[in-house]
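The chain below stands alone, shown as structure tokens; this is the form predicted alone.
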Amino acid sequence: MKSLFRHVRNFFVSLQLTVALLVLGMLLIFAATLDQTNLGIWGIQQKWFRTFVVMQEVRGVPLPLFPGGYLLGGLLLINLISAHVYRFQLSWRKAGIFLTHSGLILLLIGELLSGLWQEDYHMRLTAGETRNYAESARFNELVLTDITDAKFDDVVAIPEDVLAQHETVQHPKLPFRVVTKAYFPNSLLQRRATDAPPSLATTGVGLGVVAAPQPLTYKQAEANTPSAYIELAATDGSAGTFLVSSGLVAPQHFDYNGHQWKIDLRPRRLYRPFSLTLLKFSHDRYAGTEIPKNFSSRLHLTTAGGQDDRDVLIYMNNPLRYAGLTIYQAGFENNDRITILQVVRNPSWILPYVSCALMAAGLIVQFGLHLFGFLKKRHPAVLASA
């Protein structure tokens, strides 16, 4: 057992493993960069980096192709920690190496936490508009809203993943079960032909519109249009089967047991206890050209109780950090009338800055110690020659 433990330990602390992992990491980055033209930035992150094994379909059969980012990063993290435990001894002469490796370890941990925790949303605002929520650019949710009370909306949101798994949902606030009859991660909405077969939808826009499944797209300039056929089933019958889609411009209304409802498949929302009002959006250009110089949004931040209300200016490389969110200026639409803000929630955002500072300090210390040692050896030789 001791011999086996020694072999395992030597494997994880070996410099050969470090070199092999770094080479495999470079190959992973190179292959993912080439594949980005097919999958886009989000697709390659999921396929190549945020996975343990990269899978590739060959004639419809998924086969392991390459070690993924989680596997390589995890092994490199174990390798660095093991090397510090069994090889390195704390001393002033190795303080720089210790700091540099500690920064690298923290950087790997930070990337792992960012992959697990980071959420990206967008907020679109026109001049004078106020919002207290941001919308996801990649994920959607099925929303059922009781609008019977004109002063209050009772909202139930069901994640898109639940629809994709065809799970039946019985929420305490809903007088019916939500049953997914069909789900398409990408679809094309078409007008239903008069001689077409019977539709899965029994009410709403689905009587005149049909969702045709389409291949998923990963291109930056294109977006998927998920659609689903949802039945609202109850013990006393059914409220109908609806076609819901992110391609529909408005929610559908219906009545059930004396209550008025809305049903909609919309981008997932992130609500926060503060709101932003767009006061002015500026699109600055270089004089005499149409070349963009700067984008900026002047907003009014409104908080609960009004204790932190203020005007803020968000522009390129100058985000607003507030309530655990980082809000960037991302773009504009509709001839400068709509500003697009990127809203990022990443509890581990500080770790890359700390890790880079540690690595920089480690390199400065290590090179400084070598320089000091060189000058110390050279000084007596200079005196002897004089």
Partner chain sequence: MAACRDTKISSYRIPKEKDLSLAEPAVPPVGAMPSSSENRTVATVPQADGADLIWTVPWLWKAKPPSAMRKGSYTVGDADAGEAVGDLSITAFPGDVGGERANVNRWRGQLQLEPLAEAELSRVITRVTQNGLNLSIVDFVGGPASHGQRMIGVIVPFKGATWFFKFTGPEAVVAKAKPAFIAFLETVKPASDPVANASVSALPIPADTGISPIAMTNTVVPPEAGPGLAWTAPTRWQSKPGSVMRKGSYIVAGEGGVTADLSITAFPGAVGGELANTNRWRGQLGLPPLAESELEAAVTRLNANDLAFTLVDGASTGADAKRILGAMVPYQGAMWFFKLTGPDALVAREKPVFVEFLQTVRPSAGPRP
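Not measured: the values here are computed from a predicted model. Residue numbers count along the first chain shown, from 1.
If you look for the form predicted in complex with its partner chain, you will not find it shown, but the lines that follow are about it.
For the options His122, Arg269, Lys181, Arg298, the one in contact with its partner chain in the model of the complex, meaning a heavy atom within 4.5 Å, is Arg269. Checking Ala193, Leu216, Leu90, Leu207 for any heavy atom within 4.5 Å of its partner chain in the model of the complex turns up a single hit: Ala193.
For Phe139, a non-hydrogen atom is located within 4.5 Å of its partner chain in the model of the complex, even though that partner is not displayed. With a 4.5 Å cutoff on heavy atoms, Leu279 does not count as touching its partner chain in the model of the complex; it lies far away.
For Ala150, a non-hydrogen atom is located within 4.5 Å of its partner chain in the model of the complex, even though that partner is not displayed. Its partner chain is not shown here, and in the model of the complex it never comes within 4.5 Å of any heavy atom of Tyr86. The stretch in contact with its partner chain in the model of the complex, judged by heavy atoms within 4.5 Å, is 166-174, chosen from 230-238, 98-106, 166-174, 75-83. Every residue of the trio Tyr70, Val249 and Arg337 has some heavy atom no more than 4.5 Å from its partner chain in the model of the complex. In the model of the complex, the residues of 28-50 lying within 4.5 Å of its partner chain by at least one heavy atom are, in order, Trp42, Gln46, Arg50.
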